[in-house]
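Before any questions on how it binds or moves, here is one chain, the form predicted alone, in structure tokens.
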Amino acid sequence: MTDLATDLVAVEDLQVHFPMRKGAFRRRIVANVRAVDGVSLTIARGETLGLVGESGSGKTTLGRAILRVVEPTAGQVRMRRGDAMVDLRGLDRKAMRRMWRHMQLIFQDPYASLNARMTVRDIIGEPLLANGLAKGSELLDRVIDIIRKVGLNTEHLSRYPHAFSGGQRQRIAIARALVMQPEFIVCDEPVSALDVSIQAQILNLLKELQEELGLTYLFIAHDLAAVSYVSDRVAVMYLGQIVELAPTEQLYYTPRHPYTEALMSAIPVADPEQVMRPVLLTGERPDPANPPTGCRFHTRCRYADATCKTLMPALTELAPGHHVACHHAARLTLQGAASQPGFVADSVAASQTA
């Protein structure tokens, strides 16, 4: 999965466990919530890796752990700087602060992530001031340059966040993330709080900025149609682990994991004559503080057998670039996102015209 010549970010066996404490005075640890539990993946320079899964699967925690906004419990995160891969977990706080100039985060809620007491000019310019990268007229020039790139006007710089729509606020948040000219951006559900028509605009903006500035994205989302539009590859996460990772069209048309099949079957298709046949999962998602033995999906999987209940499957490459963690993936024929080719292309068209 790793190509040291092209990878910008490499994650190996990453774990993030949150302790659960009990007791009024001597609060002892009684269990650990395994939000991320042994994730390995790479992101090539210039690509977009989509990350999907139901709520509570650990997507946001994984994104923040890669940036060390959340401190990992174990594992390794490396990012390319020049010709070398730098181990982020080996950096002290001062060195990590310098590394954050090259790694940024776009939050889900554009209003909550902006300081309501600051003008747009101050919001976007603050990272430059805090890191000593620019001041005075140079700072203003860089703020004006990036505000134009995200589709806003210079007259907006003196206004406060409450004066903008949701889409405009997200453009401000994107401008703040890009003003330090980072290479790697974690997009944590950047369009889920927006109207459908505005979602399309923001998705197109992200793609345009990626092409213009040479950006690399980790794109976290619930909207599988949006993910298919922006992503080169997609990783599917379940209960803290990656269960499938493949090029976008390959994963959407020919999923190899039963959980991916269930996700794909729930995507609405813009065809009133096409009958949806969702794969309904039985039972509830297990407790991440007490995950089941063996395959973590076996409690909800219709293909599970005794092996699945006792032996955890490894993430194995079944086809070039297509990795699956399932004991029976080689023999299963699963339902894709649509019964005929064109779903990803249709999603693009729907996004652009919504």
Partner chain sequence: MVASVQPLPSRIKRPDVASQWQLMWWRFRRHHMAVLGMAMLAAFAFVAIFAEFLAPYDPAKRNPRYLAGAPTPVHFFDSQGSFHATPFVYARTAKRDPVTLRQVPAVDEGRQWPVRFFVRGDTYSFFGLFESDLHLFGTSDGFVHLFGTDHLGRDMFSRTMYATRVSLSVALVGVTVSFILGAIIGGVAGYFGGAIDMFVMRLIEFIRSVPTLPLWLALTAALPRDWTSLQIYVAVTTILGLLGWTHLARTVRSKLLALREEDFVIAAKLAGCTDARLIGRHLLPSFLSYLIVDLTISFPEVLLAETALSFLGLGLREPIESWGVLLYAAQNIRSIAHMPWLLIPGLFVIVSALAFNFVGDGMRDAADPYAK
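Numbering follows the first chain given and starts at 1. The shown structure was predicted, so the numbers you read here are calculated from the model rather than taken from an experiment.
Missing here is the form predicted together with its partner chain; even so, the following discussion is about that form.
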- Exactly one of Ser192, Gln250, Gln181, Asn131 comes within 4.5 Å of its partner chain in the predicted bound form through a heavy atom, and that residue is Asn131
- Listed residue (Asp223, Glu208, Glu126, Asp232) with a non-hydrogen atom within 4.5 angstroms of its partner chain in the predicted bound form: Glu126
- Item | Segment that reaches its partner chain in the predicted bound form - one of 196-204, 213-221, 234-242, 147-155, heavy atoms within 4.5 Å | 147-155
- Mark Val69 yes when one of its heavy atoms lies within 4.5 Å of a heavy atom of its partner chain in the predicted bound form, and no otherwise. yes
- Though only this chain appears here, would Arg89 touch its partner chain in the predicted bound form if you measure heavy atom gaps against 4.5 Å? no
- Check whether Leu140 has any heavy atom within 4.5 Å of a heavy atom of its partner chain in the predicted bound form, and answer yes or no. yes
- Is Met85 one of the residues lying within 4.5 Å of its partner chain in the predicted bound form, judged by heavy atom distances? no
- Scan 113-129 and write down, in order along the chain, each residue with a heavy atom lying within 4.5 Å of its partner chain in the predicted bound form. Ser113, Leu114, Asn115, Ala116, Arg117, Met118, Arg121, Asp122, Glu126, Pro127, Leu129
